[in-house]
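Take a look at this one chain, the form predicted on its own, written out in structure tokens.
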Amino acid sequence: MNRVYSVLITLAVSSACVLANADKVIIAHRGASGYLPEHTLAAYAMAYAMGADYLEPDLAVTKDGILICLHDMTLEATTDVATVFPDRARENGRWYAVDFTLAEIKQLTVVERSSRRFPQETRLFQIATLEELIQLTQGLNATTGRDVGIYPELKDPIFYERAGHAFSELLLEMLAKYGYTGPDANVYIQCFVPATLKRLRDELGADQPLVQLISDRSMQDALVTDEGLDEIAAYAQGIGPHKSRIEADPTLVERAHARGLVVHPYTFRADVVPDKYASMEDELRVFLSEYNIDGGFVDHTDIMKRVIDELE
């Protein structure tokens, strides 16, 4: 086993007593992405060790129909694909994950996205599959006695469906394989596209908790109206709004709660803190205590864990 992975998993096992406040959940955004390259098994293991309640993978689909953990449709921002497969870019100069088999994807090494974070010249990690993330999570749950869940996002579903992949069905099949079924399953399925979530619930019979993501773009303004929240409550169990929407209208949380929806805003980052806050800790205290969110997506798991513990 890679020595880095071994050390991180040992750390996770030793942290079995680290439990987050059950009322305020910590969603490790792309793993502990503030410390290690996003969507790698190492980042997920570190987030687990730091006390995350959920590990969050964005999902993409390979050419041979395998779900992988990847934020972008394309590979060049977070891998060395341009070096390994220089002639495989599309006419627009970009390398799309859906054009590569899993075997080819596994030839790539992951590169840190941000120059402010993990050294970008370091080449230690691979892209993980969803199945690998699930096996890691369930394995650590078995060895630590904790019950950390997963929080997958169907990213760009229309793109993959047009490419010939049954994106939603692939996810439901994988969740069923590992026991994530039923309304009490320790999983949230998230998506920005209302039609995708409605199809999951009404056409595909998904019985897992669903979360409607809501961007800060005006095209999704209708979702945060009373009528919009009423509609969301008919098919989902929660909303994941851009945090700026709550700052602009703190009643959003109360109105969502009145409809039985949990509120998990995104994304809290220690190295990208709005000017109005002195630190990420200050920002989190406002959102957790004053706005009364139910949890949030965070790049720096340990900081949110510390703030939640202080507020108990």
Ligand code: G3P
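A quick note: this is a predicted structure, and the numbers were derived from the prediction, not measured. Counting begins at 1, following the sequence as shown.
Keep in mind that the form predicted in complex with ligand G3P is not shown, yet the notes after this line are about it.
A.B. asks: Quick check on this chain: which one of R146, K155, K198, H165 has a heavy atom within 4.5 Å of ligand G3P in the predicted complex?
C.D. replies: Partner contact (heavy atom, 4.5 Å) among the options: K155.
A.B. asks: Tell me, out of F192, Y160, F118, F100, which residue has a non-hydrogen atom within 4.5 angstroms of ligand G3P in the predicted complex.
C.D. replies: After the contact test, the surviving option is F192.
A.B. asks: In the predicted complex, which of 147 to 155, 221 to 229, 199 to 207, 178 to 186 comes within 4.5 Å of ligand G3P (heavy atoms)?
C.D. replies: Result of the contact check: 147 to 155.
A.B. asks: Evaluate E56 for contact with ligand G3P in the predicted complex, applying a 4.5 angstroms cut-off between non-hydrogen atoms, and reply yes or no.
C.D. replies: Yes, E56 is a contact residue.
A.B. asks: Does at least one non-hydrogen atom of Y266 fall within 4.5 angstroms of ligand G3P in the predicted complex?
C.D. replies: Yes.
A.B. asks: Verify the contact flag for I127: yes if a non-hydrogen atom of it lies within 4.5 Å of a non-hydrogen atom of ligand G3P in the predicted complex, no if not.
C.D. replies: I127: no, not in contact with ligand G3P in the predicted complex.
A.B. asks: Heavy atom to heavy atom, is L213 within 4.5 Å of ligand G3P in the predicted complex?
C.D. replies: Although ligand G3P is absent here, L213 would touch it in the predicted complex, with heavy atoms inside 4.5 Å.
A.B. asks: Does any residue in 282 to 312 get within 4.5 Å of ligand G3P in the predicted complex, counting heavy atoms only, and if so which ones?
C.D. replies: Stretch hits: a single one, F297.
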